[in-house]
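Coming up is one lone chain in structure tokens, specifically the form predicted alone.
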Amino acid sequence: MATTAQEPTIQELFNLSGKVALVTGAAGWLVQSFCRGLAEAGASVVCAEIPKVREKAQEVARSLPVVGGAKHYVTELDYMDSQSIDNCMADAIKQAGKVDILVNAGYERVTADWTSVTGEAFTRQLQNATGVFLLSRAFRQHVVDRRGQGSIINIGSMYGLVGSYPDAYAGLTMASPVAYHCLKGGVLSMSKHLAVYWVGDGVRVNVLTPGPFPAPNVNPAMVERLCSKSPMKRMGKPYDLKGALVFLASDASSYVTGANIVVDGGWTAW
């Protein structure tokens, strides 16, 4: 049994000082809060975004709190371009010196549901998973090369676990895109697979699965319907995810890999 002198404190376990986190989709509604949470815990954050929203990513980076000697950076990433993926990891390492934490949170959206999505659009949506894998593999190689430890946090969705309620969408908007369900379910399965292969390399792979977290521009009538489906009768707020994210990024979860932490207000407990 560990003595008090040997046992890290809770503050030490959750402390990310000296760590560097690469976060994709950094300008997103939820992901901005991810970046803040990591920065508040002491990490330096590399905000990655597609080129056309680089300026927004720069705004996010400038807005992040600085703890101790942390610094924040911006880089570009397009999951649909394998060269962009390689360049992103190389640029993050060049700017920050290393990467300890990878948060795969960005993806290219599809704006069609099962009634109208084309085969080409469906396949392109799934290519997001290819991008997640390729960036994760590049990160794993970086960790191995420097003989370090790394944490990958892939962002899932409740819709990677369960189907959606048709009556929540009927008459207001398109159905939840079937390709998105397929993508998020695939990311969950891939994460478990990689976790067992890479654990010996010092790389942990976990999934953080949000429930309903509608952006401010979502139809209020839609939000009301979704609230009626939730045991908590409310939607998630971005900061509801910060604690779980920092847990997975930090030494507090050093014995956790291949896990899926669901933050959904009880949505998937029905």
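Only a predicted model underlies this, so the values are computations on that prediction, with no experimental measurement involved. Residue positions are given as counts along the sequence shown, with the first one as 1.
Keep in mind the form predicted together with a small molecule is missing from the figure; the text below concerns it.
Novice: Quick one: find which of 71-79, 143-151, 114-122, 191-199 has residues within 4.5 Å of the small molecule in the predicted complex by heavy atom distance.
Specialist: Result for this chain: 71-79.
Novice: Exactly one residue in 39, 244, 27, 61 has a non-hydrogen atom within 4.5 Å of the small molecule in the predicted complex; which is it?
Specialist: The residue from 39, 244, 27, 61 that makes the contact is 27.
Novice: Which residue, 232, 53, 67, 223, has a heavy atom that falls within 4.5 Å of the small molecule in the predicted complex?
Specialist: Of the candidates 232, 53, 67, 223, 53 is the one lying within 4.5 Å of the small molecule in the predicted complex.
Novice: Can you tell me whether residue 205 touches the small molecule? I mean in the predicted complex, with a 4.5 angstroms heavy atom cut-off.
Specialist: No.
Novice: Since only the chain is shown here, I'm wondering whether residue 177 would be in contact with the small molecule in the predicted complex (any heavy atom pair within 4.5 Å).
Specialist: Because no heavy atom of residue 177 falls inside 4.5 Å of the small molecule in the predicted complex, the answer is no.
Novice: Flag residue 91 as yes or no: does it have a non-hydrogen atom within 4.5 angstroms of any non-hydrogen atom of the small molecule in the predicted complex?
Specialist: No, residue 91 sits far enough from the small molecule in the predicted complex that none of its heavy atoms falls within 4.5 Å.
Novice: Residue-level contact is defined here as any heavy atom of the residue lying within 4.5 Å of the small molecule in the predicted complex; does residue 108 satisfy this criterion?
Specialist: Yes - in the predicted complex, heavy atoms of residue 108 and the small molecule come within 4.5 Å of each other.
Novice: Taking a heavy atom within 4.5 Å as contact, would all three of 102, 136 and 258 count as contacting the small molecule in the predicted complex?
Specialist: Per the other structure, none of 102, 136 and 258 touch the small molecule.
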